[in-house]
Each structure stands twice: as structure tokens, then as C-alpha cells.
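Read the single chain below, which is given as C-alpha cells and is the form predicted on its own.
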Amino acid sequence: MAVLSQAQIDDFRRDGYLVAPDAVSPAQLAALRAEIAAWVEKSRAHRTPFGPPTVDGRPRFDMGTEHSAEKPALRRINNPSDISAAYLDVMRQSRMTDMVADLIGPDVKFHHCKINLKLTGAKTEVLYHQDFAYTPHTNDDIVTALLFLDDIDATNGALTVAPGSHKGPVYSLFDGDTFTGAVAPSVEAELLARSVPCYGPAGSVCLMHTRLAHGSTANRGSTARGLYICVYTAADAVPLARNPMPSLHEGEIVRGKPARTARLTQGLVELPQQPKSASFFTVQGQASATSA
């Protein structure tokens, strides 16, 4: 049975995003938050990004330059579903996954996941971009599900989105020959002028079309802002570029069945330059913590 109403599905198709409550059970949310607390505590003992390494050998945990043992700035956990039963369970078996199937199903495939974490005092921000420009596929039936691990409000660096931008162009993330991972400043200014914030209590999810332009500011509040971000595709959407964050579970069918064919709907697609550092924040000019 469908989890989303037809009105919610229509809103998603019109706006390119939908914020829905109760995407996970209270027990699932508690398990996710307990893992976060343990990882933040573990990061206090490290001065640079650390492991266990990802599939492609990069550090799994990344911190901002402001990180210290006294005030951690853990900002990214790459593919937590590879190392945590709690995160794997939510990726596979949650109302969040069912919601995605309502939008692009019935046959749904997992691509990758990550946690973007803004602890209090964190300087991390996300410059405007579209996810499709990082992960181009043969079609754009792709949903980024951003699960709220904390209550998100106007103070702690909420996601902001430009409604309807998924129906427009896929913007370049290059400045000349340099891959910046963000749209041009003039484009960002135009998108920001029509953007809206995504607020909600922990356990809510923002379901976002892969071509929707979005970003976020630093956390200026007194509470953390964490997002568990899972990327799902229709089973017949085939990648046109290497996964920027390879996972042990990449390509796993989480709803329905595998596709025998690839569905082609895209024209000319700009290929990204995949990050070799611990996270894409460095691509956008935000260095990782160092031992200096």
C-alpha cells in the first residue's frame, strides 16, 4: 500500500521536493542517533579524517578545520550503511524507503548514502548545486532522501531548496576547466532569491528530486543538525559516471525487481570530476581538519 497520498505525490512532482513526517519508527531513530553520538565521541581522539576506509580507500569520517577534542566538528560519515546495522536497516526497511517507492517505484535501487552533520558551532555550509550533476544517470527518476536526525529549524543550518528548479536546466558545476562542485555565484543568487527552507522534527524526511537546486548555511544555533542522506534510483536508471561514494550495497534492489533494460531520457550530460578527498566539502573549498 502507498505511504504517500496522491496530493503529496502531486506536490513532489510540481515542486521537486516534499517534507513528510514519521519516515522512521521511534526505535529506528533512537538507534541512528545513538550511533551518531558514539561517532562524535570517537572523533575527539582524531585530528584528521579517519577510518575504517570506504570501498575506494578514503577516510570514512571527515571533520572541518575547526575540529578539536573539546569541540568536535565531525561533518561527514560516508556510507554509514556499510558499517552500521541501524543505518542499513533504515536504508532498506523504513517508511522512508516506501515513500521513495511511491515516487519512482515500484522497482527501486540503492545508489549510496552519507551523513551530513552540523554540530553546534560548525562552519560547514553547502553551496548550491543539483545532485544529478554529481551522479548523472540515463534517466532522472532519482530521489535523494534526507532524513532529519535532529529537529531542524531556522537556527541550525536547514536545507533550502528552489521549488520547481528540477524542471529547468542542469547547471554546470565547473568554473572554466575547474570543477567547483557548485553553480556559478550569479546562478546561486538567483536560486536563493526563490528558495524556501525545509524545517521539521527529527524523524521527518525531505524527499528531493535529483535535479532540484539546493544548499544550506552554517549552523548558527544551539542544537545539532544531522541528515542521513540516501540516494535511490529507479531500477532502470543506469549511472553515466562513477559513483562519487562507492558502497558495498551499491545497486541493491530495495523494492521490486531488477531491470532488464536501461531507460534513456537524458540528452547531453556534463560529466563530474569525482572527489578524491574525504568529502565533497573540500571540492567546494572547505578544507578538512589537519594535524597542524
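Note that this is a predicted model, so its numbers are computed, not measured. Sequential numbering from 1, following the sequence displayed.
Another form, the form predicted together with a small molecule, is not on view; read the next lines as being about it.
- The partner is absent here, but in the model of the complex a heavy atom of 229, alone among 229, 224, 40, 254, sits within 4.5 Å of the small molecule.
- Out of the listed residues 97, 204, 116, 219, 116 is the one that sits within 4.5 Å of the small molecule in the model of the complex by at least one heavy atom.
- The small molecule in the model of the complex comes within 4.5 Å of no heavy atom belonging to residue 183.
- Put simply, residue 146 is close to the small molecule in the model of the complex: some heavy atom of it is within 4.5 Å.
- Proximity of residue 214 to the small molecule in the model of the complex: non-hydrogen atoms within 4.5 Å are present.
- Contact annotation for residue 91: none of its heavy atoms lies within 4.5 Å of the small molecule in the model of the complex.
- Looking at the small molecule in the model of the complex, residues 76, 126 and 131 each place a heavy atom within 4.5 Å of it.
- The partner is not drawn, yet in the model of the complex one stretch among 108-116, 80-88, 171-179, 194-202 has residues with heavy atoms inside 4.5 Å of the small molecule: 108-116.
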